[in-house]
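Given as structure tokens, the chain that follows is alone and in the form predicted on its own.
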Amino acid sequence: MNQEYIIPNAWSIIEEGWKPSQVKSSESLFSIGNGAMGQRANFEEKYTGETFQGSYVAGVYYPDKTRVGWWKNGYPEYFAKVLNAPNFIGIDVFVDGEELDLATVQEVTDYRLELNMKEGWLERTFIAHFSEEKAIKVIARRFMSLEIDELAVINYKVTAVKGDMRISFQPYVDGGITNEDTNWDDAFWEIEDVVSDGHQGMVRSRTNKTNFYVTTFMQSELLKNGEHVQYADHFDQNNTVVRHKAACDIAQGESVTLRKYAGYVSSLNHNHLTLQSAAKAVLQRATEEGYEKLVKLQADSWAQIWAMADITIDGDLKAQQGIRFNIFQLNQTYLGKDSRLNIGPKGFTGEKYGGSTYWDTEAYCIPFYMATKDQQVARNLLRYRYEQLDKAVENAGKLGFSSGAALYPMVTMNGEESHNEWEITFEEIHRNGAMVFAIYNYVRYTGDYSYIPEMGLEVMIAIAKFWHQRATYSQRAKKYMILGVTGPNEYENNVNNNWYTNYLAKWCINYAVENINKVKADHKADYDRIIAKTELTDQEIGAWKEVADNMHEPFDKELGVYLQQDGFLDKEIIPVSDLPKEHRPINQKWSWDRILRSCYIKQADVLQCFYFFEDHFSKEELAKNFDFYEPLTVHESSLSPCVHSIQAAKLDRMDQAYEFYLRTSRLDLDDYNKEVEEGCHITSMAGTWMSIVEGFGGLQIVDDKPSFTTKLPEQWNSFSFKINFRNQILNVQIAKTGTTITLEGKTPQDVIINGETVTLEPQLVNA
């Protein structure tokens, strides 16, 4: 049974009714961010119930020393972790001296939590009853500014519902914060200074080892019945906390509001010696703009995002809410402004996975950012990997590879591998292929070939060198093998010849050779620079081709399917539908030994290859492989439903496609995996977008043109989306009456609509 407390709404995530058991889940679901920082939806006032405090600054991390019982050569020495940053939202609230705490007040009524995705704010409303004679209503709204991305704004309004009372606020910044997932209980932060300067409070912190400097700041004012009364001024401070205070009396029916401006400035963007003056500059701008203007700027900024990124669904409210939630969280996590940043699987919603970068970015996220933003955003994501190429070469060197071979990390903050499960760190090498596929995907979509001679070819060469060295020649089979790997199906470790990995390796080599020749012909200066840098020879390229041309690809002629790896059919093949319900999920109910021996698949593996290289295989081949592997897939990865939804749509199996879509779009909202309190699945949310655009919309690039093979789920009356294709906007509308595509741009564009090539003329758009 999935949770179902989130109220369906087209533009908001809404919870009604006070249920303490839901607090940690809601802290994840209602998280807010602006690409530069983010936080869980923790309460501003004190809360002594179960909670998971979390605030995060993009790009700031700590290398937590690896903890393993048996060290293996090649293990990374640390796991890079996003840091739980100093808490700036805190506002202790006292009513006639009695502290507000929803865990201890007499009763909580009229509780409502809303995350407004259209305008980008979080609002919590409730009535707290202290006694029969005393009650207050609280409306607390906060947002993280997209316009000023070092600023957050909190508007905390208290109304006397029963009785006259004195309301006292104590806004504070707390630097004494720890991560829940530390390996050794190390202190991640060193607090260097706590400052209370008039009505401004600041905590200056430095990360141990990595030496990131962050100043967390605040400034608060008090308003009574909407009129300014006073600033909150110094009240108390210690080694970790700076606390201010403001108070006033209100009669029954009157209101008092604490308005708090707060946020982070870091040494990522400022000289660490000038952080205090940088914080003051942010506060000055915030107060000059004023609350009402900042609210409007926030709404305007989100309106610009939605104008391009929105997907509308008519006739299915839960599906509409699901896709907007996914699009909203993706934009809260990453906006593409800074090529030093990337997309963690939990974004700013929790600590799991360390906030690090995975292959999810290249495989799932880049298509979303290419199509819904300017292509420079996707280029920044590719640049991120190029700038970490030296570290990828180092990573490969630690495992015994040489001559500039690169192995990109499974998990990273700065390019170094920081994952320490051997079956992932050493074996899940298919991630290298995703790096090259992302380059290919970017070029075919944007038409921007310049990335390859400038940066991409160096990455391809280093990865081709790796595949060449990683392959083993079998004298018996007269084929090259890739032994001892883990494919995308992480429920099988240390297997030989995972088909997806072998196919990727072969393709990567061929694509590298193709582009070496193209750059040599068309970009001679870049070619000479790259060849000198990589010391590449024709002899080495010939050796690569020998590997690619003779790569072993496991295949069963009788079934007509590619085998996930050698020996897969030696397993007992029992469909998931025959598993007793009490055995699910198997990753929580079975021993690892039993999982490894089973035929069950965590997420698309063979079918991941069919997704990447859809034009390499026929629809009949897809059907055979889908029919064989999907019934064995337990979908215990957030990345699984989206790929299967896309492929089911291609096969015209719309019931399955819709079921998988709903699962991926509401994975967190309905808490399918019973883990949402740990954070949301941000990177798989890009897969949700793909389920609609590439699945139901059928988007492909065919003969250098966008092609749409459209399918409409029977539950929907219509749906629409936009894509930015080569700096022109295609507006796609799919209804029961047919598909309509209009063009916003300057030059005609050929598109393929359900097999027919059509030339779209630009429509005039009012500025």
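Source: prediction; values computed, not measured. Heads up: residue numbers just count along the shown sequence, starting at 1.
There is also a form predicted together with a further copy of the same chain; it is not shown, and the following applies to it.
- For the candidate spot formed by Leu622, Lys705 and Leu712, no residue has a non-hydrogen atom within 4.5 angstroms of a further copy of the same chain in the predicted bound form.
- When you look in the predicted bound form, the only residue of Glu572, Glu582, Glu133, Asp538 with a non-hydrogen atom within 4.5 Å of a further copy of the same chain is Glu572.
- This chain appears without its partner; in the predicted bound form, the one residue of Asn179, Ser255, Ser339, Asn420 with a heavy atom within 4.5 Å of a further copy of the same chain is Asn420.
- Taking non-hydrogen atoms only, Asp593 approaches a further copy of the same chain to within 4.5 angstroms in the predicted bound form.
- Among heavy atoms of Arg470, some come within 4.5 Å of a further copy of the same chain in the predicted bound form.
- Although the partner is absent here, Ala525 sits far enough away that none of its heavy atoms falls within 4.5 Å of a further copy of the same chain in the predicted bound form.
- For Asn73, a non-hydrogen atom is located within 4.5 Å of a further copy of the same chain in the predicted bound form, even though that partner is not displayed.
- The stretch in contact with a further copy of the same chain in the predicted bound form, judged by heavy atoms within 4.5 Å, is 481 to 489, chosen from 327 to 335, 104 to 112, 512 to 520, 481 to 489.
- Applying a 4.5 Å heavy atom cutoff to a further copy of the same chain in the predicted bound form picks out Asp556, Glu558, Leu559 from 548 to 562, in order along the sequence.
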